[in-house]
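As structure tokens, one chain now follows by itself in the form predicted on its own.
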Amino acid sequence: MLRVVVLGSGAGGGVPQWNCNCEVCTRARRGDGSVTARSQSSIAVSADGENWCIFNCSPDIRQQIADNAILWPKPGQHRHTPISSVVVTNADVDHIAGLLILREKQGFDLYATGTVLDVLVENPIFNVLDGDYVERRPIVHDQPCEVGPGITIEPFLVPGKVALFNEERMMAEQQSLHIGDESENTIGLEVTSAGGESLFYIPGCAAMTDGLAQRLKGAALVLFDGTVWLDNEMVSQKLGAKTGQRMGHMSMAGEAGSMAAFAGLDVARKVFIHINNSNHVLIEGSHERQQANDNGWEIAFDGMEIEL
């Protein structure tokens, strides 16, 4: 069995974002029930209900742990955590900043590609994760790796980009950003239990390639990048200058969008996660929500639980 708990379903900044008065954030603050608040993207997975693997460690991890009793220290022990490991799919701030919270000399294993681990090495603030307690373990695409009791992951490359905070340095060094290239900067994961149940977790993806489509065909569950509804929505709402593609994310809608890309893949259960505050699919009763539901998609929310 695989048990999945969505700790955070929002994109960077969460919902409501601290400095945003867009329609989604305004509705969330108003508390009228049309928009549910969301913390930043992360899930917890367990095969035994006792040991949990965290996939992406958001800046909201402290509150996410507080909100989910499955992650509380076991009674009767001075120091304990059910978190046996953390797996990071890219070096975006909303996926690594929470590692600074998990710094209290507590043992767990940290898994990421060599490229992402190098980013952590280059930023010495992450040395607060005491190496005597936290083992940093590189993962290699297309090579299965056991990350916890009864849980194996197989990482694979997906189209993406480098983390935002590294873009300026790369351009200064006259390196191309190669947005949409498949590299160790962005990975997806197939997560499998000892019993054979499996799911796919892909919170960031810039395009659906033939190889990715073939990999996902017939899957039992896919949690997929739902950052934007339309590629230019942040620009049109005057929330930013970048399109979804420039940020390394597919749109949900449109001919090149994820709903169209998944239409023939026969995936049993499809869930959008990592959803930006600009995306009106977060509004209950919106035509965006209805269209997503009509296409067989669920919208992840904090606290959502799935069992396979």
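For every residue, the number given is its place in the sequence shown, counted from 1. All figures in this text were calculated on a predicted structure; none of them were measured in a lab.
There is also a form predicted together with a further copy of the same chain; it is not shown, and the following applies to it.
Taking the partner from elsewhere, no residue among 221, 288 and 301 has a non-hydrogen atom within 4.5 angstroms of a further copy of the same chain in the predicted complex. Contact annotation for residue 97: at least one heavy atom lies within 4.5 Å of a further copy of the same chain in the predicted complex.
In the predicted complex, a further copy of the same chain sits within 4.5 Å of a heavy atom of residue 74. Taking the partner from the other structure, a further copy of the same chain in the predicted complex has a heavy atom within 4.5 Å of a heavy atom of residue 83. The shortest heavy atom separation between residue 42 and a further copy of the same chain in the predicted complex exceeds 4.5 Å. Contact with a further copy of the same chain in the predicted complex, judged as any non-hydrogen atom within 4.5 angstroms, is confined among 182 to 190, 123 to 131, 212 to 220, 149 to 157 to 123 to 131.
Residues of 231 to 270 that come within 4.5 Å of a further copy of the same chain in the predicted complex, judged by any heavy atom, are 234, 237, 238, 239 in sequence order.
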